[in-house]
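Just one chain follows, in the form predicted alone, and it is written as structure tokens.
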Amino acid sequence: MNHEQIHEEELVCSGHYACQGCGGVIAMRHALRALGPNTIVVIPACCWSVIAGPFPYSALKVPVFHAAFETGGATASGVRAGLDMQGKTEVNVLAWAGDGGTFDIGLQSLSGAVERNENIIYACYDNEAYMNTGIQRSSATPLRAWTTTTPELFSKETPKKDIVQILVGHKIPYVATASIGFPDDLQAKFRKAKTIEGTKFIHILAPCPPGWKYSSELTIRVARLAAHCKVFPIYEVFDGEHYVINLEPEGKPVAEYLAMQGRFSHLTERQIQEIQARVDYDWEHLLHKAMLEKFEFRGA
């Protein structure tokens, strides 16, 4: 890592309202260290609406614009336009949304912004459910996962929506996945994003201890295991066409990842095999798109 490009000042303050081990806070910390203080953050309704603290206070040392649940993309577009009118083109506009405000309620606003190729960074910190309102399922919730609206006997019957491919389909300049388990890679992607003109979308896996039902000190371990089990591949897509896989998974069985989380404790052996088969299929499909014989590996 080029440490000259990392801002040593912490832009996320202590005293925020996140749960212990919150992946969303870790993600924000790394993102802002890469982007620096010359950044405005747009936050539609999500856990971070609470984490940042009540107006007029904020746990972030950058300007924050709180927006309605469905308006992350539109609000960020408006902030970008206002800054450009003032000649402040060097300011980063970061839309920061959860999976509910990205995959579901905010998808129309996001799609409109990326279709216009607005010069913004849109980051989704994905904890795979509506955690802020009580752990309800979203379209980011994995197959067979427990939530309060998909309880054990009625666990989610459909796979997670592939939000990355939806954004890739818009042919924007840069789409990437990242994980708090690999901070060097995460920060590098935000540094890259701020140098690219047009819309940049970064999908970040951000495990949630109360929602995923694991002990809070295991957050990083869970995040890393998701990548090494191929549940959450780490890769980039440029201009909707060129795929680069950034991390070679260790190929651990999905059962190892599932066993760490209480939200999957009800699964039968057959259901675990079903999930493994889906993960293997998606990984092979990604390899086919990348058409790589070897990986670009940045390391942890």
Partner chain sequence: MKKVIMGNHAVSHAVRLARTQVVAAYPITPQTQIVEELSNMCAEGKLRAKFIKVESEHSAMACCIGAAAAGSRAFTATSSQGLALMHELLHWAAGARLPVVLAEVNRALAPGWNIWTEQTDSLAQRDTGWLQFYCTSNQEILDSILIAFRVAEEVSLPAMVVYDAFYLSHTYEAVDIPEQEPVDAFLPPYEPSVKLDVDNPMAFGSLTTPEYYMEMRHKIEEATERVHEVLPTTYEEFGRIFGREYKAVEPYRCDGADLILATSGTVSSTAQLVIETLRERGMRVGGLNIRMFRPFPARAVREALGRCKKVAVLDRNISFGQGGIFAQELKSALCNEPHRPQVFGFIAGLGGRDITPASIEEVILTADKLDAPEREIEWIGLKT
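Numbering follows the first chain given and starts at 1. Here the structure is a predicted model, which is why all the values come from computation and not from measurement.
The following text describes the form predicted in complex with its partner chain, which does not appear among the structures shown.
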- Region of this chain that lies against its partner chain in the model of the complex, out of 27-35, 247-255, 48-56, 269-277 [heavy atom, 4.5 Å]: 48-56
- Task: Could you tell me if all three of 78, 88 and 118 have a heavy atom no more than 4.5 Å from its partner chain in the model of the complex?
- Result: yes
- Message: in the model of the complex, does residue 237 come within 4.5 Å of its partner chain, counting heavy atoms only?
- Response: no
- Item | Proximity of residue 151 to its partner chain in the model of the complex, heavy atoms at 4.5 Å | no
- Query: Does the 4.5 Å heavy atom contact test between residue 112 and its partner chain in the model of the complex come out positive?
  - Reply: yes
- residue 39, heavy atom within 4.5 angstroms of its partner chain in the model of the complex: yes
- Note on the structure: Students should find that, of 167, 225, 205, 74, the residue having a non-hydrogen atom no more than 4.5 angstroms from its partner chain in the model of the complex is 74
- Task: Work out which of 158, 133, 215, 108 lies within 4.5 Å of its partner chain in the model of the complex, going by heavy atoms.
- Result: 108
- Members of 53-72 lying within 4.5 angstroms of its partner chain, judged by heavy atom, in the model of the complex: 53, 54, 55, 56, 57, 58, 61, 62, 63, 64, 65, 66, 67, 68, 70, 71
